[in-house]
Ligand SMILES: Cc1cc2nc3c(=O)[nH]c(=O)nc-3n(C[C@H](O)[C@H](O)[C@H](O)COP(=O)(O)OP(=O)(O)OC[C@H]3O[C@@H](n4cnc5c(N)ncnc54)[C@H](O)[C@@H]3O)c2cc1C
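One chain is shown next in structure tokens, namely the form predicted alone.
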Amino acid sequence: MAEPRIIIVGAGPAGTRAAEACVQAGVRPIVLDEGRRDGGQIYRRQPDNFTRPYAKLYGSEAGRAQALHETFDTLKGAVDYRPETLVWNISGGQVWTASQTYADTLPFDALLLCTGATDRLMPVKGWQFAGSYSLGGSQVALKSQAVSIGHKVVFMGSGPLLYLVASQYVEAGANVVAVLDTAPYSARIKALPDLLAVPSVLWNGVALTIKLKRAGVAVHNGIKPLEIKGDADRGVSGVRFRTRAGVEQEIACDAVAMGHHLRPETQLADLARCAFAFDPGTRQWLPERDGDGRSSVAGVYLAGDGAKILGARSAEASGRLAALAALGDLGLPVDKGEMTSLRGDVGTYAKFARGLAKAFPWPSEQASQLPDDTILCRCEGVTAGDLRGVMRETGAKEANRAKAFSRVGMGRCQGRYCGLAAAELIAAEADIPVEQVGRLRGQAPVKPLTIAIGDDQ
């Protein structure tokens, strides 16, 4: 019997553990990853010529990062690893890929999508100025280039990543002026019963806050962002916000890193025609999957934060679980007891993730309060007023119809960064629940391709 063809998309925590399970079962999977090196975003590896210690680069997650990297290093001879390779379409049991030099089409018996996550962003007036970054973007600058995004940096938004990246900047010696959290501290207290599901991770979060305050970083909770000050020529010059007490303040800075936790990268699951369902806890549309990672499409499996934001530790467990499910479905022997244990691990992390959603809520109400001149879609330069005007003129209340008339979400990122905020604005303007707005449909290619790429076939 021919060896089954298993393709894993992503070489982060979920993809690495999925590949490990396949190799242990005697299968050589194909591992496709956009990155130049493995590790994903959370455990992004530094360039070959950089020698910064793990503790300096990853902080409290250094041990897990090193373990994951060492695991992948041992797997390289047993997997068909293709870095710097974009999967830009999925259809008919095949994936379409593109690298810097060639394009390819790969059939599969099982496809494991371990696509990870990107920043979840709420626009702020002035966020188009140079010096405005997502939290993930600021983390890439630090890990991959060993540079700070500015001389005086403000971190603004909510979620664990806000505190993690700010602390990593402090550890690296950068000047972090302030951390501005939209979530009130009281929300964390209410979320404690769920957060206590994983006490060690909860303590890590507390320790990050203590570390920032000891470093002299001003930490404000329950704020409302009002404006990123600056101009087109000089970029960011400050941040204006309202404190929880209702007092307006302004902090001088030359860079802002912003984000509200994360959103799954679901475009490939969409192209694979997986079914989606609305998740009211996070106010997002997520691909459906069973407890082992099976999607609604036979042969397509979902794992890690690309399916739902449960964190890197859950991604490792769900990646291995999905691989075992795929192997079992293909007729190979798997350890049922281990699968049961992994389901329990994922369930524990899911409870903790529910706590995070409560502790750091998505500030959906801010979308309705955006001034008309606020850029909503940075790729296409569409303002909040433009979208409201389109709705009044056309009656568009559905995400894709509003996109067609306004071009919001039509740019390079295909709505990854503006789509969720645009849906909230549409819902508020139309006075309907956000789930009725729907979601932007994925389109191939999921990211821009160059016309110079040839075909190796």
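These numbers come from a predicted model, not from an experiment. Numbers for residues come from their place in the sequence shown, where the first is 1.
There is another form of the same protein, the form predicted in complex with this ligand; it is not shown, and what comes next is about it.
This ligand in the model of the complex comes within 4.5 Å of a heavy atom belonging to residue 315. Put simply, residue 11 is close to this ligand in the model of the complex: some heavy atom of it is within 4.5 Å.
This ligand in the model of the complex comes within 4.5 Å of a heavy atom belonging to residue 262. Taking the partner from the other structure, this ligand in the model of the complex has a heavy atom within 4.5 Å of a heavy atom of residue 42. Just one listed stretch, out of 427-435, 34-42, 48-56, 389-397, contacts this ligand in the model of the complex at the 4.5 Å heavy atom level, and that stretch is 34-42. Checking 170, 164, 110, 198 against this ligand in the model of the complex, a heavy atom within 4.5 Å turns up for just one residue: 164. For the residues 321, 117, 376, 239, the 4.5 Å heavy atom test against this ligand in the model of the complex is passed only by 117.
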